[in-house]
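Before any questions on how it binds or moves, here is one chain, the form predicted alone, in structure tokens.
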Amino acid sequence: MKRHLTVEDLARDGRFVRVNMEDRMNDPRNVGGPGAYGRDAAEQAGEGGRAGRVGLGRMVPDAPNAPDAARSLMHGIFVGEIQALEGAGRTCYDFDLGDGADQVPYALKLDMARQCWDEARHCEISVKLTEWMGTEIGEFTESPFLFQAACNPDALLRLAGVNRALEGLAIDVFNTMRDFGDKAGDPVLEFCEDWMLADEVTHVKMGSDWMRKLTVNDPERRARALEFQSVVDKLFSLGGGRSDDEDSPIRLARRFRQMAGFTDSEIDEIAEVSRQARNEAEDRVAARRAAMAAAAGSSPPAS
């Protein structure tokens, strides 16, 4: 069997529609307003807020587009679980046993095998939840960004990008969906998300522990891994839609991140990265709106 697969090597059936992150972020349909979120988002956008605010407003059950937003997020969780399963499985297979730079300890492979078991269960739960929420596989697209992080030839950077950064994002997403299920009066969604959230905390903790173990005598390698993690965190901060702000659709789950081995300073850094990503996304939205207005021969909305 081939080692170190690329994203193009991933097998999918005809139900899946794959789109890369660049195309997804540049989709002109993403310049829309706050309809998927709460009334507070609409009010703030019209009361001195920037007209292009991205991801502003908590996802609340009584918002006009909340059902579609929740179904889209659930589909994103599902495809993420598939890629997490594939990534952990590849780490089990791609590296020989040993202490070299391109090798991994046996105990790390055992942790990745345990994560495969968890992710397989998450895939099953997520399929049932998509059906429960009234959608199906392929109604929304799949972005292969999680597996791309798992393609790194350095096992430590895989742990930093997948277990620390993207599984950390999963903690925030599951916590958000669990709270949404509670507010919506959906005990099935709330219970399932709470169950998977506990697993994600474990997966991130494994990444935190192994990063420390593998770099205990190599601070330069640890610095490279943390730098890679920061890059992944910024790229996949959902355009700033994941942040520490009260009005954020996906809030940083500080308590669960602390349980998973993050320090307060690391969480603060992620929050700052998310704020930067949000400002950059707002600037892109404003530029696209101006271009669309110019093409239509009208003036863009005032910011």
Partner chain sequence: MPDPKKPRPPFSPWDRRELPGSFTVEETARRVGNYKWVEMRLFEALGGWVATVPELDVKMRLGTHCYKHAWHSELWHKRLPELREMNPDRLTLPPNDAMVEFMEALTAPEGEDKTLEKLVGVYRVLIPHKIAAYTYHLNNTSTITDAPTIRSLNFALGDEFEDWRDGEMLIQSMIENDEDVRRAADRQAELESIMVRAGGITGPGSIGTEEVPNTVEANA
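Numbering follows the first chain given and starts at 1. Keep in mind that what you see is a predicted model, and the values were worked out from it rather than measured.
A second form of this protein, the form predicted in complex with its partner chain, is not displayed here; the remarks below concern that form.
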| query | finding |
| --- | --- |
| Its partner chain in the predicted complex: contacting segment from 155 to 163, 220 to 228, 182 to 190, 84 to 92, heavy atom within 4.5 Å | 84 to 92 |
| is_contact(E124, its partner chain) in the predicted complex, heavy atom dist at most 4.5 Å | yes |
| F145 within 4.5 Å of its partner chain in the predicted complex, heavy atoms | no |
| Contact flag, L110 vs its partner chain in the predicted complex, heavy atom cut 4.5 Å | yes |
| Its partner chain contact in the predicted complex: C116, any heavy atom under 4.5 Å | yes |
| Interface residue in the predicted complex among L197, M211, C151, I137, criterion: non-hydrogen atom within 4.5 angstroms of its partner chain | I137 |
